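Given as structure tokens, the chain that follows is alone and in the form predicted alone.
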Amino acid sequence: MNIENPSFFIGKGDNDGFISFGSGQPDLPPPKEVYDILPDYRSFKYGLIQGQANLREALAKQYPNANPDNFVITNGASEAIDLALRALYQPGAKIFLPKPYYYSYPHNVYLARMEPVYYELENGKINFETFKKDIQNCRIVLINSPSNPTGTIQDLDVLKKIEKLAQDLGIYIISDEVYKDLIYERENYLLENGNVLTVNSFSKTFAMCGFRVGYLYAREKAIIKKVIDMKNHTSMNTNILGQEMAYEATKVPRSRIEAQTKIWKERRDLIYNGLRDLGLDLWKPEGAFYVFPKMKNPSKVVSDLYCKYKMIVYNGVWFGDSERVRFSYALDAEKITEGLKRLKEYLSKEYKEN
């Protein structure tokens, strides 16, 4: 079976005995508060292109020295990245992407009519000396920490060096921080300065993937204006009911988020130790909810596990790494344990013949 990209698995999940380690969407429920508005919600007219004022005001309180005009509410983080790239467009510009990368990044760059170039992560980390040399002549660098697919976070001193380097060179940073609340080792470090565009969403922290509420935060007013102008002629306003539910999510106590992060960390330990016990080589995730073990012939692994063991995993080739397979652990411990049992059986049978 030829499985070419993750879209093959859309709509397939824990049905008919399948266990999905594929899609990165939380199985934990959204906060109850986001549903409490539904019986009385009656606003169904067009909303503001930039995003509803109450949500932008709430977000501004989460960022130092920010104001509501620094934000545009988007259809998930994906639209925020797309708009950010197009707002910064220059003919022939090079965009510096991590490798491995989230599988849409190169496509986002090509669709924005620019050229992707890559900085190779070493054990999931940025080697700053190599990074500093290779970033020359780039217009934008994209940072994803915690990372999808690696689950690693970048070291604080490296992030601070990148922040200064980009400012000195006049290079924009797009910081994809959709997993910033799912870090196990330390607090998130917010990349700042006027050349930084921060992307985030309510999908991962609040398990609101299908609501498609994300946002772009930027200090530079000209960028925000360009983004609003483009959105005005493309998607127009983001779903206003989703925005109102996202606004309610901003009121959720931090302790709720910390309690969920504890669950993610327990699952991380379960799958990481389980894969290590099976003899697989992988980095220990420090955030997000992915593990990225080395496996030979990933395309065959993905096909075999799906067809013979009712397991969904993602091919590392889709993320720019032909020697790994991505497992999402956004599923409960019982399913993770059962999946590890099936994987053990596969490794002892078909895999040794790859």
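When you see a residue number, it is the position in the sequence shown, counting from 1. Just so it is clear, the structure is predicted and the values come from calculations on it, not from any experiment.
Quick note: we don't show the form predicted together with another copy of the chain, though the next part is all about it.
**Q** In the model of the complex, do W283, S303 and S348 all put a heavy atom within 4.5 Å of another copy of the chain?
**A** Checked in the model of the complex: no contact with another copy of the chain for any of the three.
**Q** Counting only heavy atoms and a 4.5 Å cutoff, which of 304-312, 291-299, 54-62, 26-34 contacts another copy of the chain in the model of the complex?
**A** Contact criterion met by 26-34 only.
**Q** Of Y103, F128, Y189, Y118, which one comes within 4.5 Å of another copy of the chain in the model of the complex, counting heavy atoms only?
**A** Only one option qualifies, and that one is Y103.
**Q** Ok, M230, I135, I224, L159: which has a heavy atom sitting within 4.5 Å of another copy of the chain in the model of the complex?
**A** Checked against the cut-off, the match is M230.
**Q** Find out whether any non-hydrogen atom of D176 is located within 4.5 angstroms of another copy of the chain in the model of the complex, and reply yes or no.
**A** No, D176 sits far enough from another copy of the chain in the model of the complex that none of its heavy atoms falls within 4.5 Å.
**Q** Please tell me whether any heavy atom belonging to Y217 falls inside 4.5 Å of a heavy atom of another copy of the chain, as the geometry stands in the model of the complex.
**A** Heavy-atom contact with another copy of the chain at 4.5 Å: absent for Y217.
**Q** Would N195 sit within 4.5 Å of another copy of the chain in the model of the complex, counting heavy atoms only?
**A** No, N195 stays farther than 4.5 Å from another copy of the chain in the model of the complex.
**Q** Tell me, yes or no, whether K262 is in contact with another copy of the chain in the model of the complex, where a contact means a heavy atom of each within 4.5 Å.
**A** Outside the cut-off, so no.
**Q** For the stretch 31-55, which residues lie within 4.5 Å of another copy of the chain in the model of the complex by non-hydrogen atom distance?
**A** The stretch touches the partner through Y35, L38, P39, Y41, R42, S43, F44, K45, Y46, L48, I49.
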